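Take a look at this single chain, the form predicted on its own, given in structure tokens.
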């Protein structure tokens, strides 16, 4: 009789613990749940490459909204192909800056009211081979001038 009473107490305590565990456990499981939502948006994808065609993988990207060119609205890194995706939430000229190890450029991307790229937009610098050659010559001439300037000071 004493053993049966003791068994009933243990079973009651075990049942109570199981009841508490059954109530609390789903709440804990919900606290770590994940919810993924999706929606369709008009996004702009850029792809940054060096002149050689090599992608600027891991480059720092900053995106500036049309009305605030001082504060970046989006920041991130380009993927292994040099791509970066952002969703403009208003029309206007969006500035995108891409930088990596001293190299980089800024592109102005016009976005229409519909959230798409404005018609006629191209993302090329438009420099011809002659213009690139003139720029390279000007940089070389600047380096020679700088070297001559500092050499003059040593005599």
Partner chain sequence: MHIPDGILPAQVCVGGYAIAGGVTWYALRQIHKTSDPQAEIPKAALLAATFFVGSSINIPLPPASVHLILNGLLGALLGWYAWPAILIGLFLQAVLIGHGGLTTLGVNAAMIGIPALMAHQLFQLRHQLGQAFRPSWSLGIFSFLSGAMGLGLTVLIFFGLIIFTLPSTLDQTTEQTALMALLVAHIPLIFVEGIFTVLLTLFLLRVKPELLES
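Not measured: the values here are computed from a predicted model. Numbering follows the first chain given and starts at 1.
Not pictured, yet referred to below: the form predicted together with the partner chain.
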Next on the checklist: Please tell me whether any heavy atom belonging to residue 47 falls inside 4.5 Å of a heavy atom of the partner chain, as the geometry stands in the predicted complex.
Outcome noted: no
Item to check | Distance check, residue 89 to the partner chain in the predicted complex, heavy atom within 4.5 Å | outcome: no
Checklist entry - Can residue 67 be called a contact residue for the partner chain in the predicted complex at 4.5 Å between heavy atoms? => result no
Next on the checklist: Can you work out whether residue 52 and the partner chain are in contact in the predicted complex, taking contact to mean some heavy atom pair no more than 4.5 Å apart?
Outcome noted: yes
Checklist entry - Is any part of 62 to 83 within 4.5 angstroms of the partner chain in the predicted complex by a non-hydrogen atom, and which residues would that be? => result 62
